[in-house]
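Below, in structure tokens: the form predicted on its own, a single chain.
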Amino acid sequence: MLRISVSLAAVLALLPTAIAQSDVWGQCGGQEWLGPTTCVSGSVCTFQNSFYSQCLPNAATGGATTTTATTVASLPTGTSTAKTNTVAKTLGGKLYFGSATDNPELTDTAYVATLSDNTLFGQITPGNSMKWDATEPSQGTFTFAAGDVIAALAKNNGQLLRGHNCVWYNQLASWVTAGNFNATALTSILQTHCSTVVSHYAGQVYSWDVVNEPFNDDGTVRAFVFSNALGLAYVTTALVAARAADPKAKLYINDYNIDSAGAKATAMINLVTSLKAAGTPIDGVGIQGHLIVGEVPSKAALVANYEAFTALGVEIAITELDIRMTLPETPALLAQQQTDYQTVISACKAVAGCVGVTIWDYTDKYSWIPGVFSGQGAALPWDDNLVRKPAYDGIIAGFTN
């Protein structure tokens, strides 16, 4: 990704506009680009990504003849003036529409202004600041400063707060994984951690992702330090500790790739069934919803799976929704993404026990997708410039139609 620095952009702004065309292989467009937007004869300005269009030889572009850059300005944007959280509650019958966020983003004042609008977002999830490595980096030493910032933000904005998370195979503090603890010690460590973190936020959190991602995609138990020593008993230990620490918070198990029927969804259903039978506190299942444009299950498949969970006597929530595409963005991909968001939202609306939807941050500017899935991104309803995309209209339609 290439971006022009502020100082260079200022210099370019002073150059005569008649400097005309970029040479072959030169830049010819993109966000913040103030240079030429046409190319010398024999080459065509070709969109690469939101920040970079390049003059490519005609043969390399399949003989295209256009010499204008495809920029973000030429892509469709969202047109609805309805507000997502307001519509989710008043027309969708849901408790909230929310967004994840992370502490480094809170220095971006324009970003925070949108995030703080509780007609858009009625719920906030901290992306990282309540995880184990952030809250107990060394044994018995708890730090809540970063998480407290997110909690205060939600409180000040009148937004619900989701705790994320008590125990996960990833982002564990190294002292846990490298400690060679036996089963008895690990049980005590888990009890202490969940109890301390949940009690710190008692009365502030609507729901907790107590256990995050316990299964592999084939439905087997994910192997890590706690499951290796305790089996799925670690799930019970965490839930019991969380309930004692905050009796009013909803307790969830959260996972991805459980949107529609399959081995992983079946494993989650079986786990919840066994927990309920044993009297273990469990209130909800979090369906993350990290999906792909054009590959989203049908509304019927989603509804059937959502209802399979709620039939167990628990609520569900879509907890980390984003729908990624292979870049570059095109009008066709954005239109499909709009349809896909509408499908997911309308499925949640159709199931009374689906209490809300949270997108995994609201803007592509801070999405995790490009850093993990090479060549993919543009997964969220707001673009890098905090402009609403057609996906936003899909969300509104999902709650209203």
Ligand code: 9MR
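Sequential numbering from 1, following the sequence displayed. Quantities reported herein were computed from a predicted structural model and do not represent experimental measurements.
Just so you know, the form predicted together with the named molecule exists too; it's not on screen, but the next bit is about it.
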**Asked** Which of these stretches, 145-153, 127-135, 238-246, 268-276, has heavy atoms within 4.5 Å of the named molecule in the model of the complex?
**Response** 127-135
**Request:** Could you spot which one of Q159, N212, S207, N85 gets a heavy atom to within 4.5 Å of the named molecule in the model of the complex?
**Result:** N212
**Asked** So which of W168, Y201, Y111, W175 reaches within 4.5 angstroms of the named molecule in the model of the complex, heavy atom to heavy atom?
**Response** W168
**Message:** Please tell me whether the candidate spot formed by T77, E329 and K389 is one where all three residues come within 4.5 Å of the named molecule in the model of the complex (heavy atoms).
**Reply:** no
**Contact label in the model of the complex: Y362 to the named molecule, heavy atom within 4.5 Å** = no
**Request:** Classify Q123 as contacting or not contacting the named molecule in the model of the complex by the rule of any non-hydrogen atom within 4.5 angstroms, answering yes or no.
**Result:** no
**Request:** Flag Q288 as yes or no: does it have a non-hydrogen atom within 4.5 angstroms of any non-hydrogen atom of the named molecule in the model of the complex?
**Result:** yes
**Asked** Heavy atoms within 4.5 Å of the named molecule in the model of the complex: does D259 have any?
**Response** no
**Complete:** Contact check, 77-116 vs the named molecule in the model of the complex, heavy atom within 4.5 Å, ordered by sequence, gives D102
